[in-house]
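Presented below, as structure tokens, is a lone chain in the form predicted on its own.
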């Protein structure tokens, strides 16, 4: 009887604690959800309006903005360029970020906090400022070209600015700290004894990484991939400054259409960008979880 009463009390306490937690986070959740969903709904409604040059945006229910986007080779080219650049940057950040995150997670030096701060430090500088720094390196009279010409490796400066490669390098530099910090926190939570056990059972470093460390670090890998891919898809300052007027990605395209007053088409491009980003990140996350769930 006493045991049953104690169980009933504990169940009641758990139910009350859940109710209290829901009451505490409910208002904040509602505010955040409303702040996210209401603009998205308004954006989608704008995308269904009609653009008339002299009247700007006219209320309507038409999908002509979406038809225009998917039937125009120029806009499809911008779309696929954005996806390609975001994927390349995400893969590069994962390849470069994993070893650095592992080193930070496993180091036992007393300067570990300083090393982490060095990774965080670039985040204190705006994207435009960092892009300007890359411009001084990639310019025709920049440090790289000056060195190449000075050592006689090239006769004329190499065209580095206003290229896809410059944009990719700039976006990787922006996104890499996010990947490293995400992976580092997850790898740090993995018991080092698991790796030592794999080595003691005869695994070489590659098999230990692929069969033990990678699956255990998968939550951080998925989070890092999603974060860096979203940032890459929505990059604005870096493509504008390093890519120049001829290189187009989706975020600068949205701004350009809004600047021209074509709000329906700009809203449609924004909605396509958001939907594509969400769909691709969900597919990537589900694929990785399905692959390594066994």
Partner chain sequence: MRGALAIDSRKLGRWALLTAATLAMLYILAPLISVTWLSFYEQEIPSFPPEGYSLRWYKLITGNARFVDGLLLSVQLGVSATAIGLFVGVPAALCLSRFRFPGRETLNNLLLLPLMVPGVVLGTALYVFHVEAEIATGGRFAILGSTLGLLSGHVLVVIPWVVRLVLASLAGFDRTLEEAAQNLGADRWTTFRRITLPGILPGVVAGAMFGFVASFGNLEMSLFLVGPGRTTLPIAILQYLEWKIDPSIAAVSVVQIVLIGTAMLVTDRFVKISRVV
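Whichever C-alpha set is largest while still superposing within 1.5 Å between the two forms counts as the rigid core. Positions refer to the first chain, counted from 1. Model, not experiment: these values are computed from the prediction.
Keep in mind that the form predicted together with the partner chain is not shown, yet the notes after this line are about it.
- Proximity to the partner chain in the model of the complex, taken as a non-hydrogen atom within 4.5 angstroms, holds for one residue of 216, 158, 223, 96, which is 96.
- The contact residue chosen from 229, 69, 51, 46 relative to the partner chain in the model of the complex is 46, the criterion being a non-hydrogen atom within 4.5 angstroms.
- Of the heavy atoms in residue 76, none are within 4.5 Å of the partner chain in the model of the complex.
- Looking at residue 191, you'd find every heavy atom of it more than 4.5 angstroms from the partner chain in the model of the complex.
- Taking the partner from elsewhere, residue 105 is found to have every heavy atom lying beyond 4.5 Å of the partner chain in the model of the complex.
- At a distance threshold of 4.5 angstroms between non-hydrogen atoms, residue 280 is out of contact with the partner chain in the model of the complex.
- Candidate site formed by 186, 212 and 285: none of these residues places a non-hydrogen atom within 4.5 angstroms of the partner chain in the model of the complex.
- With contact defined as any non-hydrogen atom lying within 4.5 angstroms of the partner chain in the model of the complex, the contacting residues in 194 to 225 are 196, 199, 202, 204, 205, given in sequence order.
- Once both forms are fitted on their rigid core, the CA atom of residue 35 lies 2 Å or more apart between this form and the one not shown.
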